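The chain below stands alone and is given in structure tokens; this is the form predicted on its own.
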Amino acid sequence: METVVSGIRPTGNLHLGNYFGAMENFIKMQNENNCYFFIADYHSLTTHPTPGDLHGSVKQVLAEYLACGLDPEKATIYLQSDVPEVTELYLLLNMNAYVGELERTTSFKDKIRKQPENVNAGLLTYPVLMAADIIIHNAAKVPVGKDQEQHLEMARKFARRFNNMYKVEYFTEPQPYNFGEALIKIPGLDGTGKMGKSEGNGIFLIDDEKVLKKKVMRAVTDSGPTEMNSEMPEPIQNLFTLMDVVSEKSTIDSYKEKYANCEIRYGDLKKQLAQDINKVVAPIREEINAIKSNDDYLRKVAKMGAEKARESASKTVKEVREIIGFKPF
């Protein structure tokens, strides 16, 4: 059974793309591996150094992931800030990370362009903290998106550099987690691209029925087909892609036939889509709210996760300190 580590940023809510993409694979992953899922509250400070309600954001994202199927009995679910060993390893790895290589990372260059008034040291050393998060549990695999591939490569580099500098074979060089199948890509409601947190084109699991319907009814469409069996433009294909994951096959076939025959009414299509999405989202939304209101349960999950994570992390830091040469008198 391999050790797998994955971070969760406490910014924004989970949307349909997260649920039908990463979450389904996370649930499979926790059944087959020794998984550590952490809420990256330290990482969030690199872009939001003065959060309005950090605790509330952490509580929300923890409730959402639990409602979607992460199981604290199967996986270790914890807050990054509850494991001080992470910051100690981060400090030690920083001593062997070079300013030039950190300044060349794509994410750093992107961030300083987007937030020139907040180019902080944490932003520069973000890849080092991410490496500490991963290798502190000696993870063999890490599920990463395209935007995080470079950071994983740097984690491998820091692990390899530590081993070489101290002439040991201590840290595992983590590899990308391969889900075996392509992730389901849920399109946004703006007609192009995938659904995202910051693009303003998403349907969130916490959205109530009224909000959800309003969003779907505003989805980008065109004036409708004018020729029989014409090819669907991207915005319309996106609506049918959404239907593919939430609607009955007979419903999808019916609307595809109407499109092919130039009889489709987009208003009717959107109403049906909103109704079908709500059928999927409603029980998850109820579970999120129930978990979020249960402070005792959330406290228990966080405490249990911190204890399990610290057991692994403290062993690593103790051994790293001994390898470097820190020893008690």
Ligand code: TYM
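From a predicted model like this one, the values you see are computed outputs, not experimental measurements. The first residue of the shown sequence is 1; numbering continues from there. Here, rigid core means the biggest group of C-alpha atoms that superpose within 1.5 Å across both forms.
The form predicted in complex with tryptophanyl-5'AMP exists for this protein as well; it is not shown, and the discussion that follows is about that form.
> Quick one: is residue 317 in contact with tryptophanyl-5'AMP in the predicted bound form, heavy atoms, 4.5 Å cut-off?
It does not: once tryptophanyl-5'AMP is placed as it appears in the predicted bound form, residue 317 has no heavy atom within 4.5 Å of it.
> Can residue 143 be called a contact residue for tryptophanyl-5'AMP in the predicted bound form at 4.5 Å between heavy atoms?
Residue 143 belongs to the contact set for tryptophanyl-5'AMP.
> I'd like to know whether residue 22 contacts tryptophanyl-5'AMP in the predicted bound form, with contact meaning heavy atoms within 4.5 angstroms.
Looking in the predicted bound form, residue contacts with tryptophanyl-5'AMP include residue 22, since a heavy atom lies within 4.5 Å.
> Is there a heavy atom of residue 321 no more than 4.5 Å from a heavy atom of tryptophanyl-5'AMP in the predicted bound form?
Residue 321: no, not in contact with tryptophanyl-5'AMP in the predicted bound form.
> Partner absent here, but in the predicted bound form, which of 232-240, 68-76, 126-134, 216-224 has residues with a heavy atom within 4.5 Å of tryptophanyl-5'AMP?
Result of the contact check: 126-134.
> Candidate spot 13, 48 and 62, all three in 4.5 Å heavy atom range of tryptophanyl-5'AMP in the predicted bound form?
No, none of 13, 48 and 62 comes within 4.5 Å of tryptophanyl-5'AMP in the predicted bound form.
> Here the chain is shown alone; which of 288, 269, 40, 277 has a heavy atom within 4.5 Å of tryptophanyl-5'AMP in the predicted bound form?
In short, 40.
> From the list 211, 184, 112, 165, which entry has a heavy atom within 4.5 Å of tryptophanyl-5'AMP in the predicted bound form?
Answer to the contact question: 184.
> Scan 6-20 and write down, in order along the chain, each residue with a heavy atom lying within 4.5 Å of tryptophanyl-5'AMP in the predicted bound form.
Stretch hits, in order: 6, 7, 8, 9, 15, 17, 18.
> Rigid core fitted, then: does residue 79 show a CA shift of 2 angstroms or greater between this form and the one not shown?
It does not, since the residue 79 C-alpha is displaced less than 2 Å between this form and the one not shown after the core fit.
> Could you tell me whether the Cα atom of residue 17 shifts by at least 2 Å between this form and the one not shown after core superposition?
True for residue 17: a C-alpha shift of 2 Å or more.
> Once the core is aligned, does residue 245 move its Cα by at least 2 Å between this form and the one not shown?
Comparing forms between this form and the one not shown, the residue 245 CA shifts at least 2 Å.
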